[in-house]
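For reference, the chain that follows is the form predicted alone, supplied as structure tokens.
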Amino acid sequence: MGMTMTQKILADHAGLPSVKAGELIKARLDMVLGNDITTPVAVKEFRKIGMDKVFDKEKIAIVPDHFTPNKDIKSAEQVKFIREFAKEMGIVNYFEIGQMGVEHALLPEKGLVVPGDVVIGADSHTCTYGALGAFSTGIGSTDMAAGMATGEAWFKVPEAIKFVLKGKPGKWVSGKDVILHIIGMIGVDGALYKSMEFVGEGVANLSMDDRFAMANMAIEAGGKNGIFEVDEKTLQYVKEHSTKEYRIFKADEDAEYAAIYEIDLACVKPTVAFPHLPSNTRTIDNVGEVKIDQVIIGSCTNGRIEDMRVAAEILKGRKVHPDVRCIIIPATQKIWKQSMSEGLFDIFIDAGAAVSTPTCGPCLGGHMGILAKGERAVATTNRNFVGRMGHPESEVYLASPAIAAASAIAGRIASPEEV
């Protein structure tokens, strides 16, 4: 029996001719990632096992991005702790204010992940890098400590679900809409500990930013990872961003899948996830009248340059509704600078939006946009659990940048055609 893309990558990194679903393996790592919330715990565990150096100074990345710029004394102490650790260990890829960004936008941009890599990160959305044809998955801080020490990690080889994409998305339909459509279809545990593998001629009609958004939310369907077949768009992105060598792994013709779904992208409509699960989806024509108080455009899901451009296209010449706070957060310094040079900030500010330095802040209710009791937000983030963005009695509606920008203008959940 043949292997899937994920299984081939894991077999290669385990030094095995083949692996099968359910098998326990130990694989070498190309990158170990942590942030300001998870790294302090990992460092303490690293010290506890008596380690005084990391396995490779260039294969560890630490990105303080959740509560940064430091929102209080506790967050400042957390970052100071990991800053000192990074300096002591000589970690090359430590990115803080001034060069930092939202971690899952920053690492691909820096060329630190390429096709064929195995990446673990002490953050559940590490699955983002599957957009590049890499195996990447979230782990706990203890596993991060072990990874920093040994350069290896244990995995149970996952089963896979194949998503065969065909057709071309319509106007205002993005990768965010496609992945919300899929999660709504299979549920938040529909891909539990499985690899979500995206193939088919329709992949060519999705930009890299679309693919990053889709791979990012594989975890919201319970997936171990999401991964895209490498094509010309992938290789062009790698050529522009990386100096690392890469390897392309394609699934065998006789690879075994737990399920196969065929999705016509032309049939996917702009989609919104209602509280309090990413699977609680409705298409834009079925949302009804939902008034909102806040809009967040940013995050590791939708803070990339295409997201900024789409928001600007809709906001240009219009005004944010007087009852709405609209906060726009480019995901990295590079995206921030590019947005500014393209004149997008002028559009945002003239419309009455606020622009922030790169941060994950509002996504997890950290800072830069906390919700009060009873408030509702449309967000381009990835989770809308109870209390995710603030008060337990607030509500988060997940949507694409297009829907978010239109909603900011309308004061309610709306499509671009309505504004």
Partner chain sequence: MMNAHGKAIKYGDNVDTDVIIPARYLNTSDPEELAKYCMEDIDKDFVNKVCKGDIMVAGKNFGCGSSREHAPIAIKASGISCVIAETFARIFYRNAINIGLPIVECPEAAEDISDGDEVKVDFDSGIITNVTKSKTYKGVPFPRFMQEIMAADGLIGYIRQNKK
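Residue numbers count along the first chain shown, from 1. Quick caveat, the model's predicted, so the values are computed rather than measured.
Same protein, other form: the form predicted together with the partner chain, not shown, and the subject of what follows.
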Inset, instruction - Pick the stretch from 372 to 380, 44 to 52, 57 to 65, 349 to 357 whose residues have a heavy atom within 4.5 Å of the partner chain in the predicted bound form. - result: 44 to 52
Inset, instruction - Verify the flagged residues T137, G140 and F155 against the partner chain in the predicted bound form: is each one within 4.5 Å by a non-hydrogen atom? - result: yes
Inset, instruction - Sort through T281, S242, S75, S207 and report the residue having a heavy atom within 4.5 Å of the partner chain in the predicted bound form. - result: S75
Legend entry - Proximity of E232 to the partner chain in the predicted bound form, heavy atoms at 4.5 Å: no
Inset, instruction - Answer for D123 alone: is it within 4.5 Å of the partner chain in the predicted bound form, judged on heavy atom distances? - result: yes
Legend entry - Touches the partner chain in the predicted bound form: Y246 (any heavy atom, 4.5 Å): no
Legend entry - is_contact(T38, the partner chain) in the predicted bound form, heavy atom dist at most 4.5 Å: yes
Legend entry - Partner contacts in the predicted bound form for 187 to 219 (non-hydrogen atom within 4.5 angstroms of the partner chain): V188, D189, L192, Y193, I219
